[in-house]
Ligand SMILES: NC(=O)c1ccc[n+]([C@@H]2O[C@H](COP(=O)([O-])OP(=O)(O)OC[C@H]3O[C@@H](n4cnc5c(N)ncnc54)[C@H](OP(=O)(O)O)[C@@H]3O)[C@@H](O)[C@H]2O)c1
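Taking the form predicted on its own, here's one chain by itself in structure tokens.
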């Protein structure tokens, strides 16, 4: 297996997801050879989009270690974003994908003598829940693997948490706020996380390091609402979900995904405190602010 070089590929795992697709796009734009691990059941339109970008396609499934060995041929670096949280395919769960599947991937990469493994995790959050446990298990295995590793721990993604999917329904000027909405969060764009992941490839300063990632400014959810209101010209209708309700939801959850979503919402309510000072020395480029992000909102959709 080749050491990292201009002639080796970067394997992106989770390539059909929002973040994985963006990483592939930026790898190609950076002139790097990109390979995508996709499942036989992946959306054909997304696989075709990767192919159109010029990304090499390799089929495999993290749940079946033997199926991913072939994908390691000619690979110098792996970037893994894979998660079951939005995939909803049969047999997918936090245990089978985010934990066991990612552990399979680390072991397979190690056995193939891959030079560098870049893992997209998330910042340490308060409380225990299955998705966080899985992330920490994979980080631990990476630290013990003897591969060169880069662990990226981003804060909340703007594209996820400021979208209708989780109740931030900006086209209709409505927002669900978890907790009081007064604690600050280090909102980050997934495009910036992709940029940092790509900048980590073959970067000696990024090797064997863990980086917490936040955006340029920490803002409370209520401050973010004000920014959106000023942009679209409408006052938002807010619905608050009390912390007590989130705790009850977490306690009563009957599956690991529901428990994890409740854990993530509780972490959102608590806020974070990400210091980017050291990280910016390795990744000095301009980061997207919430104000930048809101410029993408189509004002004509707001009512």
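All of these numbers come straight from a predicted model, not from anything done at the bench. Residue numbers count along the first chain shown, from 1.
Keep in mind that the form predicted in complex with the named molecule is missing from the display, and what follows is about it.
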task = Report yes if all three of 25, 36 and 118 come within 4.5 Å of the named molecule in the predicted bound form by some heavy atom, otherwise no.
result = no
query = in the predicted bound form, which of the stretches 62-70, 267-275, 28-36, 242-250 has residues with heavy atoms within 4.5 Å of the named molecule?
reply = 62-70
task = Identify, from the list 130, 76, 154, 181, the residue with a heavy atom within 4.5 Å of the named molecule in the predicted bound form.
result = 154
message = Can you pick out, from 100, 220, 176, 87, the residue that has a heavy atom within 4.5 Å of the named molecule in the predicted bound form?
response = 87
query = Going by a heavy atom distance of 4.5 Å, is residue 211 a contact of the named molecule in the predicted bound form?
reply = no
task = Look up in the predicted bound form whether residue 161 has a non-hydrogen atom within 4.5 angstroms of the named molecule, and give yes or no.
result = yes
inquiry  = in the predicted bound form, is there a heavy atom of the named molecule that lies within 4.5 Å of any heavy atom of residue 138, even though the partner is absent here?
reply    = no
request  = Determine whether any heavy atom of residue 19 comes within 4.5 Å of a heavy atom of the named molecule in the predicted bound form, and answer yes or no.
outcome  = yes
